[in-house]
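There is one chain below, alone, in structure tokens, taken in the form predicted alone.
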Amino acid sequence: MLLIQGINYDKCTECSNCVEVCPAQLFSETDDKEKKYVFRNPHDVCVKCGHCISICPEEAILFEDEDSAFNFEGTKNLPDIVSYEDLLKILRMRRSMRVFKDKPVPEKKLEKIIQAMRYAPTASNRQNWRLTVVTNKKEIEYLSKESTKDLKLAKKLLPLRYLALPFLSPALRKRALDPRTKVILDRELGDVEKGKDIVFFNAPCVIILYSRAYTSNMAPNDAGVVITHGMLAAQALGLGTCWIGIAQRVFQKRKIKKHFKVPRGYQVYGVITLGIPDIEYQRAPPRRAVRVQRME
């Protein structure tokens, strides 16, 4: 874990950048001519974000961590590396993949995806997520079967939906009354009976993300950012992904959490597939315009 130790005054040029960017206001100005700026953290409130390390032009911030600071040519000119136009092409062409080759994900590519997820930002720099990578086919099949049990139960209860309406939430009530619900259940469970994997689509790898809950309920937001980092990294490596909501929900059951060794006190906030695509998308589909409200 990152530990900020102070300032190397042999390198410090007194630019005050560290004072400006520290969210916890742990850098401050003094009357000492030799040590104009100091770092004080008596109450251990540093969030270990590393902004001070990133902003210092002279690398004068002293710190300890198993990871080193990341430097590369072009740090100050990121638009020259990937333009907005090129980035938008990548973002628009990312698709949820449901057709995979029967081949394992190369280990080196898997490690790179985890590395990309590692550097995703989180609220208050919590970095509290954990991952379980499942490549065992039997375990993936088990999770797939467990995930479809709720669909089977929903189909059984659908004829009794009018009796249950007073006890359902508005969202579930709307779904129960929607005639499309029966059509979808019949189709998906019909595929299950034919031996199809309607949950993971025979993906060779499943990644489960879990974390403790945070103050202000930011853990789900952080999970979305972490998984998006992983999905975009996978795309850059020629791999496909899909966020599987039905598998995420099944982790509300204690026996499933126990089976996949999710620690007590942790919640699963995302489950994604990962594999080598067996199809190639040719273009990005249209999207409706964002509703924007301006307050000027």
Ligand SMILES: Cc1cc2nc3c(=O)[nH]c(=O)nc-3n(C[C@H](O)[C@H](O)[C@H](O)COP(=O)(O)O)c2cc1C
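Remember, it's a predicted structure, so these values are computed and weren't measured experimentally. Numbers follow the displayed sequence, beginning with 1.
The form predicted together with the named molecule exists for this protein as well; it is not shown, and the discussion that follows is about that form.
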With the named molecule left out here, work out from 33-41, 64-72, 243-251, 260-268 which stretch has heavy atoms within 4.5 Å of it in the model of the complex.
-> 243-251
Can any non-hydrogen atom of Arg288 be found within 4.5 angstroms of the named molecule in the model of the complex?
-> no
Is there a heavy atom of Ser96 lying 4.5 Å or less from a heavy atom of the named molecule in the model of the complex?
-> yes
Considering only heavy atoms, tell me if Phe201 and the named molecule come within 4.5 Å of each other in the model of the complex.
-> yes
